[in-house]
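Two versions of one and the same chain are coming, encoded as structure tokens; call them structure 1 and structure 2.
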Structure 1
Amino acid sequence: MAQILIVDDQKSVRATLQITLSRAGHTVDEASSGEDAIQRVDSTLYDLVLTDLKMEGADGLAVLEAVKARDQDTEVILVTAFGTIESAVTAIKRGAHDYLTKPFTPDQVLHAVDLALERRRLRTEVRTLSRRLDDPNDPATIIGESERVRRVLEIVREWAQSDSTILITGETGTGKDLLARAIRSMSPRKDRSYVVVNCATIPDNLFESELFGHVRGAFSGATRNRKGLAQEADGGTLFLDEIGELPLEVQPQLLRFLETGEIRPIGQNRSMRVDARVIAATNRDLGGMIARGEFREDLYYRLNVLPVELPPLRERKDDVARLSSHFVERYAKRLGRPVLEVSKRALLVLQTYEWPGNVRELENVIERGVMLAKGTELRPEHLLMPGRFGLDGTAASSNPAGSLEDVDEISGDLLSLPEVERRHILAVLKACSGNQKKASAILQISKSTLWRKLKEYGIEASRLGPPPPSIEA
């Protein structure tokens, strides 16, 4: 529910409005003058201000201007017994949401308040959507049919229906943010705000202000009221990514929010309720951090109500083929490339690699490969990964996944070790255009050893290089 300020110099009007709005579930403050109201909006973040237009001293328009100077998102409804077209137009032009004329009924007030709060909610939702416009992973879709992934999805489908806090753990690149969006999309809050807080990117000294907001004058540089990201998520979902990076000094405030559902902006004397479902994620060992005094144990238990662990890609190799096809389709369309599918040889490379960077690394490899490919098929030579030769023909680190990725053909027959070696050497030489120095570096053998093997297998490296330049008469 909302935090509302009533401004009127008539006590009976304030009392009527206070009863009406409190019964609707809102938290209500009262101000008996425009000056009192202006002081209050300096020290408290309100969702809506309902103010009389004609008052001694600072009138309703002065209150409106003060409210909008502090916080553009605060909605204002003006009330007067002297309604005129001119004053209504003036009020709307200056940012008022609505204009009521006395006398009014409780239903009229509640209807106007509901519309104003809905407009405020929609404005927040637009901001949320604008952050997601360029998100390649939206809408939230988890790709995979392996047993581990199916089990995770079964769990979160059930847990998504509750408001309990979920803690997602897993290695970097496993898709924790994507799973958080999936949980939100399966929850009753799917049409409400979804606010992402990356705890690793916010400076420690600004974290409390970013998360919980502040009022004007709370600290040096606080020139206007500002809602925190927790309040932006009111009614929706708050995703705390990289929660292991949360500064130790801010952890008590987050713990209080999780326990009470209340926040207190910096410089504000009273708390306000925020109804947000919290999902947190981390790739860090929070247990180890607790032992080192870097993370509060009580906060960990409040976050870890419903724990979910995402498996690394090396433990769900069955999903590599489908993920690869998904990324090929995405980046071929986005980059305007002709690639339609992954070749069998390329798929063998992808399925034998260990993927230390998990799904994010696979996505990057496919995107790069789609850019390098000229035809409709993604081939092994388009896959630039550690242990494989790059565009300059030099080797990266060793790749324990195997060395069959660059053979010319793979048949269903079992091959002898010398035949496997011959085909691999031939494929590397072709990729290096017959350059034996580059090939020996990739194969991690000396040039003399390569020369002996070429002689042994009857391979003429010179025939694999580029044709000699033509001589014009």
Structure 2
Amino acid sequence: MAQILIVDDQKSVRATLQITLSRAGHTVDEASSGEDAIQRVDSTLYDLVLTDLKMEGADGLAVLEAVKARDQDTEVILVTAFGTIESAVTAIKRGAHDYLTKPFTPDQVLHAVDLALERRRLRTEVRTLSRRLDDPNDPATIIGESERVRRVLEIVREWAQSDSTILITGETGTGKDLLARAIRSMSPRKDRSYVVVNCATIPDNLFESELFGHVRGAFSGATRNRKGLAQEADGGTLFLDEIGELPLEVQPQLLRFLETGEIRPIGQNRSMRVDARVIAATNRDLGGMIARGEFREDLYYRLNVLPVELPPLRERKDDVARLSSHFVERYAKRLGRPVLEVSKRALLVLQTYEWPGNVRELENVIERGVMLAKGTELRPEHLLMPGRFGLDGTAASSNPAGSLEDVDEISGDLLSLPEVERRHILAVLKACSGNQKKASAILQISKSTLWRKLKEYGIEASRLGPPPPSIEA
């Protein structure tokens, strides 16, 4: 289903095209002159414009130019009378997709329109695909033998087949991103676009436009038409990551989209249908946020149709062994090293640690371990975890299970955990001269989590720099 504009000064031609295209299920607008068309593309995001070449005043080439100036991705098909092929060729050179010669049959029109729309779809997909190829974790392989993870996988395999919204919850690093990708690749939409919106990194005032798009002139700075990320996901999957960070002002629009399947770009007076499967994820306690008035309850129920919770790693220690060898293999290969054996004692250390950063932290510890290990075995001294070994490799505790005797006395105030976290994050950032990438690697949290936390601490936006990219696939 596409949004199409027909431009022709002959009423009969418009009528024929209108019938043919609406029968095929498209939403069709008509313009009776080039000027009229140019006005319309200013207020509506079209997928395709079908325009007559020869018209009084603004002709087909002028329409083509106006369309492409607003949105390169809108396809244009020129309609020419016999004998004006030369101008049609000029049009193709300037970015038109195709031309139709009058007189034409309905089949010829539908064929040309299908090809143009297919080209538009492929172009979007190539963009997301090239990002996907960069993804080191692709394909999304989820390792987990524990009862709880097996149950999660069993249930999402079934849910993946439907189009209902899935809400993934779980602490940081438990694999929510990975699971969302896995659901998508088990779903019938696996070959269609996968658009990731990281709600933590989009500035509040740009949210609506990022998600739902805008037409030129909708607000100051909107110099071109822009498709929103929701529309980019049409036919595919839309992953709303860190949904707990979605600004309250945008929540009603998202709710409307989930309820009706329709979006309305800013400045466009008509809604349009978008067929996207929504998966959302968060490590925040949405229930608590609702109680504090920070998250809409009605939106929560719309998102929480199929809820899935990823358990923290400390509650599924039987996964540690398999995950460890999985990561050892991955990093040995990546570093060009022979695959190491995880020693029995090393495994005991890994299994007794509490993993506050969950699987991500385990992955980081193993990566560093593989770099440090010189022989054929990964041993306890290669495993650098806070509280066990200092970063210089000196043992802080020789007892993997930990005991109170080993803990240092606190000299200053007794601080809350969030305050310790805040101070520690800022200290690490300072030690890295403000380099967020380095700091997030040391802290073993994602760049977007770091960015969000700094925002929470009120670090000025200008010092935070641009947020990490919001689309990936």
Ligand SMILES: Nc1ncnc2c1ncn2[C@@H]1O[C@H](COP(=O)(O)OP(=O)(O)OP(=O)(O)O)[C@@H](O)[C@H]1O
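Keep in mind that what you see is a predicted model, and the values were worked out from it rather than measured. Residue numbering: structure 1 sequence, from 1. Only the largest set of C-alpha atoms that superpose within 1.5 Å between the two forms is called the rigid core.
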{"item": "Panel number for the form predicted alone", "value": "1"}
{"item": "Core superposition between structure 1 and structure 2, C-alpha change of Ala37 at least 2 Å", "value": "no"}
{"item": "Core-aligned C-alpha movement of Leu454 between structure 1 and structure 2, 2 Å or more", "value": "yes"}
{"item": "Threshold 2 Å Cα movement between structure 1 and structure 2 for Leu335, core superposed", "value": "yes"}
{"item": "Cα displacement of Ile442 between structure 1 and structure 2, once the rigid core is superposed (Å)", "value": "19.9"}
